[in-house]
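In structure tokens, one chain follows: the form predicted alone.
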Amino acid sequence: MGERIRCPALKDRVMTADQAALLIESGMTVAVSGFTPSGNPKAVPLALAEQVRSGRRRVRVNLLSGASTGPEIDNTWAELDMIARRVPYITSTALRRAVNGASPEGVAYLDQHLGMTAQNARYGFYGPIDVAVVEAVAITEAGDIIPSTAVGCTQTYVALAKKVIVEINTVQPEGLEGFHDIYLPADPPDRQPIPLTAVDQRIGRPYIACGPDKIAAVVWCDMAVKPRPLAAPDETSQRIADNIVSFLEAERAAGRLSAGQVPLQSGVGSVANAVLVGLENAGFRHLAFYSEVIQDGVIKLMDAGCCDMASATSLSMSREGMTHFVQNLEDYRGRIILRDSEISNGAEIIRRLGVIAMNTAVEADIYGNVNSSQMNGTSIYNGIGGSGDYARNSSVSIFMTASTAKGGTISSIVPMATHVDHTEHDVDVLVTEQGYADLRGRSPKERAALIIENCAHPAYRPQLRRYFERACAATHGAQTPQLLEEAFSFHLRYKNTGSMLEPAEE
């Protein structure tokens, strides 16, 4: 206990998860650590859920986090209807259903740019924070917190919370101490330039400032993270990855992508990992990553000598990837830095470093507008997440999607997106398994022709061409030709018939 809890004043605040959970009352705003299923508390949320499940208590809270959380919180609390309001991102199927109407009492979900969440919390947009529940690997002599595998918004939540519950997770290695760089920018109008000019630079402290007076409970936890399984890339994902690598090779040939100068950002998933493998095979060396998450592919690039440095807010790996990381922890010390999401997703830093961003779309329209968060313009899927932080501020913004969904019955390239969270102004390159469209320097009509021919599935190209031709004729060559009724009937066809494909006789 002395090695993990170094502050003598906290020894008498060690209690069970069940006891600590009693500090959380219905109606409170609760903030938790973590970013993706990484670094979030587990024992206290599960103990609170069991109190509700057993009928001992009725608890509904407003829940804040850095991004999505592990199943111990989002899944379990949603299934028990314990969440009244949720900020800023979700991936849980149970919570997604609750937000979309399955919850008896409803869940108010605030889809939020992840890079803005901490500042918005400090501005008071989410109300006072009653309790912060934080996973840590240790507490320092001064009562400050050493985070585990993710930072997210934890620093801000700890500073704002009336009281803090710290879970010391003994499964997480103490060797994580020293990987973090915690920096708090001042809020406008007092903000000065954030002094980060290189991926490998440190500007903050290796701990989250707290102090013993604010810590109301310390709980021991021995639960491992439950990462989402990372599926091997299928043929479609591999072809998307190959097309992205082809684009990056063209950028390198043009002198716009120089080794060691332009860091990359990639989202989570099999396509992103396939891209990273492709970069190794294409001979890229001395890469750097400035991203939200570090997943298996980045570690493999480091092991292969292709990547020198990676900065993120979360280690979001498969079980096998995390095991490898922990077993070789010292090999990555000094080469991996974990920062606040306010810094990892900070517009100023992304723009200064010239990050090349790679993110996923649900659908894109022929003019390059991207929907990355909703289904049919009405039901939330995940949220905008951090893709907006990177898309708006990167030197090159790449969005990728399969050209079709639902077994080919839905085209992911449509006349008009049902929801837009990334406008055509923030989308530089669109990639599907069919190819890529470099949209830089092109007008809307030029974009449409390129996207249809390079990115749409062959089965949908004829009707997209006809739509575009009719729209151009009907609007007499307007800047962005659209036929609103026909554009939306493109989507309604699937709703009414189960397929966007035109009948064979047409």
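Sequential numbering from 1, following the sequence displayed. Computed from a prediction, not measured in an experiment: that's the story for all the values here.
Separately, the form predicted together with a further copy of the same chain exists; it is not shown, and the next lines address it.
**Asked** Quick check: do M28, Q51 and R60 each get a heavy atom within 4.5 Å of a further copy of the same chain in the model of the complex?
**Response** No, none of M28, Q51 and R60 comes within 4.5 Å of a further copy of the same chain in the model of the complex.
**Asked** Which one of these stretches, 51 to 59, 458 to 466, 28 to 36, 445 to 453, sits within 4.5 Å of a further copy of the same chain in the model of the complex when only heavy atoms are counted?
**Response** Looking at the other structure, the answer is 445 to 453.
**Prompt:** Would K495 count as touching a further copy of the same chain in the model of the complex under a 4.5 Å heavy atom rule?
**Reply:** So K495 counts as contacting a further copy of the same chain.
**Prompt:** Would G101 sit within 4.5 Å of a further copy of the same chain in the model of the complex, counting heavy atoms only?
**Reply:** Result yes; G101 sits at the interface with a further copy of the same chain in the model of the complex.
**Asked** Would G115 count as touching a further copy of the same chain in the model of the complex under a 4.5 Å heavy atom rule?
**Response** The answer is yes: G115 has a heavy atom within 4.5 Å of a further copy of the same chain.
**Request:** Indicate whether R351 is a 4.5 Å heavy atom neighbour of a further copy of the same chain in the model of the complex.
**Result:** Yes, R351 lies within 4.5 Å of a further copy of the same chain in the model of the complex.
**Request:** Taking 4.5 Å between heavy atoms as the contact cutoff, choose which of K214, R205, K226, R256 touches a further copy of the same chain in the model of the complex.
**Result:** The residue from K214, R205, K226, R256 that makes the contact is R256.
**Request:** Consider the chain as shown here, without its partner, and state which of D303, D111, E280, E177 has a heavy atom within 4.5 Å of a further copy of the same chain in the model of the complex.
**Result:** Residue within 4.5 Å of the partner: D111.
**Asked** Across 403 to 418, which residues bring a heavy atom to within 4.5 Å of a further copy of the same chain in the model of the complex?
**Response** Contacts from 403 to 418: M416, T418.
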